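In structure tokens, the next block holds one chain alone, the form predicted alone.
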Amino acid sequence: MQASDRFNINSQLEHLQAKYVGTGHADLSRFEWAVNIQRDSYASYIGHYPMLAYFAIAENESIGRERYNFMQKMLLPCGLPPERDED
């Protein structure tokens, strides 16, 4: 692999990270990463009707109620963010 290939791969990765929030970046904290994963999961559950119906049956709730619950969980999927240490 040549140096130009590595530069091209790195520039493509930076472009991807700038375009899509969920791909992360070097300064992404563990909490932010977990929030992205949880929100992506909830969005997928809401967007795929059979999965939403499965959760509704498993929890003995209506599909609309499950959709509402997942949307509420998307607000703070991992709780409040941890306090940051100021250096």
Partner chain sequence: MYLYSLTLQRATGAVCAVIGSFSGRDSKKSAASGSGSGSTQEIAVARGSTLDLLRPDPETGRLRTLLSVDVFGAIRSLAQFRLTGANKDYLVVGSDSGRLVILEYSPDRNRLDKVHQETFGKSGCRRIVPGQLLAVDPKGRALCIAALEKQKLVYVLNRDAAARLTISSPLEAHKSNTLTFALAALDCGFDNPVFAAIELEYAESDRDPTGQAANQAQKLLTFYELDLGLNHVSRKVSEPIDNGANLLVTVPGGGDGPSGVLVCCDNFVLYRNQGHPEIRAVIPRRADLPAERGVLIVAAATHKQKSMFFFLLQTEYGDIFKVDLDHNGDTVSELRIKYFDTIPVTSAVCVLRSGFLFAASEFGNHALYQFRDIGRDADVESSSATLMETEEGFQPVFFQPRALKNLMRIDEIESLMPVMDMRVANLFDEETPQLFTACGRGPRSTLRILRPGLAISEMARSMLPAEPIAVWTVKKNINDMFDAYIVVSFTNVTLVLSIGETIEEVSDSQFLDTTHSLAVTLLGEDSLMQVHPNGIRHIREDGRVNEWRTPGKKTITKVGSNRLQVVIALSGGELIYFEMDMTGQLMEVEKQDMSGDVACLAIAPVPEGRQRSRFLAVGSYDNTIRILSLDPDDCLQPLSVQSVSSAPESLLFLEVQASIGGEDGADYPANLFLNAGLQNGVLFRTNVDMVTGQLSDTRSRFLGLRPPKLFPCVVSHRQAMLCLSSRPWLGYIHQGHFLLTPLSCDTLESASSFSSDQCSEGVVAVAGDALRIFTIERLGETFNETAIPLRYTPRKFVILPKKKYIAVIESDKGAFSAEEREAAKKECLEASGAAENGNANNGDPMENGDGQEDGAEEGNTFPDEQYGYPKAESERWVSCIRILDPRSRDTTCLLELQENEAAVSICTVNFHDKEHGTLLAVGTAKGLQFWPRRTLAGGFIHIYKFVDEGRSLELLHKTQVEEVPLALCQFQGRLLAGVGSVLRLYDLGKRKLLRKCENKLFPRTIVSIHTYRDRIYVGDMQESFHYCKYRRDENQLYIFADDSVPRWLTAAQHIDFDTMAGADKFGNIYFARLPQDISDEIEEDPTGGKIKWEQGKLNGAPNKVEEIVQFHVGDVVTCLQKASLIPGGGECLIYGTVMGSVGALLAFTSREDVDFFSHLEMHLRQEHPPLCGRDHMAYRSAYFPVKDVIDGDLCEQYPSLPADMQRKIADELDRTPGEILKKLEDIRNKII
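Predicted model only: the values in this text are computed from it and were never measured. Positions refer to the first chain, counted from 1.
Quick note: we don't show the form predicted together with the partner chain, though the next part is all about it.
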### Query
Is residue 11 a contact residue for the partner chain in the predicted complex, using a 4.5 Å heavy atom cut-off?
no
### Message
in the predicted complex, is there a heavy atom of the partner chain that lies within 4.5 Å of any heavy atom of residue 58, even though the partner is absent here?
### Response
yes
### Query
Does residue 25 reach the partner chain in the predicted complex if we count a contact as any heavy atom within 4.5 Å?
no
## Note on the structure
Near the partner chain in the predicted complex, with a heavy atom at 4.5 Å or closer, the residues from 58-82 are 58, 59, 60, 61, 62, 63, 64, 65, 68, 71, 72, 73, 74, 75, 76, 80, 81, 82
